[in-house]
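In structure tokens, one chain follows: the form predicted on its own.
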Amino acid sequence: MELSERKKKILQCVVDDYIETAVPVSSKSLTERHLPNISSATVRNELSALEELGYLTQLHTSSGRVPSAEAYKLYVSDLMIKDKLSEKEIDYIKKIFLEKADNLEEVIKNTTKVISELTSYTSVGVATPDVDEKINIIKFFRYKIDTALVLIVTERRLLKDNYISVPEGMTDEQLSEAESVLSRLLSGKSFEEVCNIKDDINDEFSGYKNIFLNVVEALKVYMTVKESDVVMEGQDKILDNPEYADISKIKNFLSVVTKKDKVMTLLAGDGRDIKINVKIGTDGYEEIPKDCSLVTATYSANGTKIGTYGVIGPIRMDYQKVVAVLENVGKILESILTNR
């Protein structure tokens, strides 16, 4: 059913007030604060109608109304007035990212910190491996007789902490030659191109095929999103919300943020643009507690997706602030990385 403009206005005011106060909203408070030209009787009738339509609930017969999940969904899609960040907040985002703009890993790590600090909610994020990232240099360092540490220098970062098996009897000189051959032949190729090289590889790989295949496996590990790639900040901020005085709600919340596999599932599937995606617990997302919401955005630079980030918090979330922060962080991050 299409809501009248008056119903939309009243519903917007209820959601705004409840987000601000966490107190059920009465017809009296609505007329006093927002709707002085509408009688209390009319507002009461409209509140009752909105309740019948499933947008409001009443905890007790004598109390005011609180928004339902359906109300929050309509609020975000149609009723919410976009917020603007202050100049101080914009400057803070720029300062944090400019300090580490040459180190993509640090930029990614700082993204969740910035989002959590500006929204006062728990922030979550996962960096997205880029299959088009190109290799510059490959280095091998013998660790044991049968093992070598692989360092892969790309156009954006240094990939480390991966080991490959070294064929039995391979000398240091042969390992160095393999490094030189592979580095020369793979330089300028993307991860995806290297991983798709078929078995009929160039004769120059002769004698180093096992080394090459081990490097490919290492790249596949880098390109796979792992639980260790999930970052979080401000997990304790949920306790600042009055509805989380209930220990059972805290347990439900912790059941999500303490399990990175659940967070990975929640952050998966977004597109390449800075597209705001709102997931409300009662909206068919089993991973989210019914009293929580997740708002995410996917960020990119130079057409390359660099990760999905967002906040998870109470369903009574300040969506105006959260959306403003996510949009501005994305725009500033994209601008800085593009220019660098």
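The shown structure was predicted, so the numbers you read here are calculated from the model rather than taken from an experiment. Residue positions are given as counts along the sequence shown, with the first one as 1.
What follows is about the form predicted together with the DNA, which we do not show.
Asker: Just to confirm the contact call: exactly one of 39-47, 291-299, 66-74, 306-314 touches the DNA in the predicted complex at a 4.5 Å heavy atom cutoff, so which is it?
Answerer: Every other range fails; the passing one is 39-47.
Asker: Tell me, out of Ile10, Val25, Val322, Val329, which residue has a non-hydrogen atom within 4.5 angstroms of the DNA in the predicted complex.
Answerer: Selected option: Val25.
Asker: Is there any non-hydrogen atom of Gln58 lying within 4.5 Å of the DNA in the predicted complex?
Answerer: Judged by the heavy-atom cut-off of 4.5 Å, Gln58 is in contact with the DNA in the predicted complex.
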